[in-house]
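Just the one chain here, the form predicted on its own, laid out as structure tokens.
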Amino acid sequence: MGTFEHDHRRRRKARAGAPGRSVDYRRLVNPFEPMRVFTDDQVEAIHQNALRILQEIGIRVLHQGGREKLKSAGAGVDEDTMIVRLEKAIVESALSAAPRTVELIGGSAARNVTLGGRNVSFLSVAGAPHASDIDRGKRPGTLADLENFVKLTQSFDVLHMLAAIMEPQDVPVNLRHYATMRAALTLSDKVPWVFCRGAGQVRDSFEMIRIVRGLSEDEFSRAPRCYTVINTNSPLQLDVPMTQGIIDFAEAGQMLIATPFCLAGAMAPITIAGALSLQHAEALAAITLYQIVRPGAPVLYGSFASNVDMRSGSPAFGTPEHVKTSFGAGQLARRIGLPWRSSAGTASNAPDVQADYETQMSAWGAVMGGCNLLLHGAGWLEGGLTASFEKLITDLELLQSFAEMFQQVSCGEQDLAFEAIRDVGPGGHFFATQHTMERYQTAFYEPLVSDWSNFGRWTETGAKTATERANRIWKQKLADFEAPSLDIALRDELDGFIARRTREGGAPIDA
């Protein structure tokens, strides 16, 4: 046996019995300068083009109350067409009122999340109607699936808040928010998501959060303790439930992420600059209404723009255009001074190589574009229609790798390792040096999914693919799961509220 192989095996054996590497992924700060795709003058041209769109073309607002609030702030409103036109001064006034940093309050201080500056938070897939794993395949998502996804989200610190993850199709829509919020509040202490499907459902969700957190209405409205995403209907339309959600969240002081979903070549111009102009205009309109309702309410500039396959019309993700659009969206967010939400994604229908490289490309575009919040960062399949248990785990490897990249690199005298290099000299190796032995337990990232063994060892242990290893990991995490403690009186109060509202018929979706 050669010296290199002997020392490698000795190091691996020692490492197997060593204490685990300690990591902290709860608060991440991106140290890298954001990538740019436009010059400052080009960013300004897109911003001014968006303002011109709002002033000359306008946006259709289907919600009468929303139109009235915009009109009261000076917007021009045509009630026959429901088109609202916004002067530049109205938009700029709204932007000046919006906070530059948002502090979300979790169920414990350790779960608070800061958004803005160079702070970064990662979230899972959101809103998928289907679930999948390699044992049972794709299927309509159930409440049991959702609860398992919440448990997995709670189990990994690199996922900083709860996303909507997937929709339990076995629960009626008028009652679904009770089941999803109960899962979020009893199985996790992370900041929860609230769907905007009507004022009644939002009020119920807020009340459930107040019950579990032990808050009065006044205490609840003083700081954001939950969040939502509202999507414009591109091009240039705000529907009733989304507009109602803007109003409800602003009045309650909870965090809104205003996100157009623009696909270049379909619901947006085929050029990147044109698609970003439309996206920017729609986001500015939603943010303006939000700040009119409650100046200073916490809001994020949201973007989710990619392109379509021009042969089929199907959405594409992780494309070069997706990445460049993300870089541009980040520049626009910094132009208006607001925290920025971006996304990862893939069009793949299975947790395969395509899913991995498209997700990685789109995530790189978001992270290196300077995003503060990355949504759909883990578990997204089939253009967002499916939440995958295995892909949630393999994507976590990517997110944890980003988190490790953010860690500061030491460059002191000991890190420069001059004496170690002199001790080894030409032709030697560093496995057994004192410098290595003092650091080997903590020097490198420990992978979650990757298998770094050689082919022989990999074959001996079953020749498992990364997807198969991920299957084992999520199952083990669920077997080991322990929910955060919750006072039994609060749980009983929550269940009593749900039972009463269920007897009363729940809350319908606003059309």
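One rule holds for the numbers: they count along the sequence shown, beginning at 1. The shown structure was predicted, so the numbers you read here are calculated from the model rather than taken from an experiment.
We do not show the form predicted together with another copy of the chain, though everything after this point is about it.
Looking at another copy of the chain in the predicted bound form, residues Val409, Tyr440 and Trp458 each place a heavy atom within 4.5 Å of it. Comparing 283-291, 300-308, 89-97, 192-200 against another copy of the chain in the predicted bound form, the single stretch with non-hydrogen atoms within 4.5 angstroms of it is 300-308.
Of the candidates Arg222, Lys138, Lys71, Arg118, Lys138 is the one whose heavy atoms come within 4.5 Å of another copy of the chain in the predicted bound form; the others do not. When you look in the predicted bound form, the only residue of Val158, Met242, Leu152, Ala264 with a non-hydrogen atom within 4.5 Å of another copy of the chain is Ala264.
Under a 4.5 angstroms non-hydrogen atom cutoff, another copy of the chain in the predicted bound form has Asp352 among its neighbouring residues.
Put simply, Glu358 is close to another copy of the chain in the predicted bound form: some heavy atom of it is within 4.5 Å. Contact annotation for Arg67: none of its heavy atoms lies within 4.5 Å of another copy of the chain in the predicted bound form. In the predicted bound form, another copy of the chain sits within 4.5 Å of a heavy atom belonging to Glu56. Heavy atoms closer than or equal to 4.5 Å to another copy of the chain in the predicted bound form belong, across 447-463, to the residues Val449, Ser450, Asp451, Trp452, Ser453, Asn454, Phe455, Trp458, ordered by sequence position.
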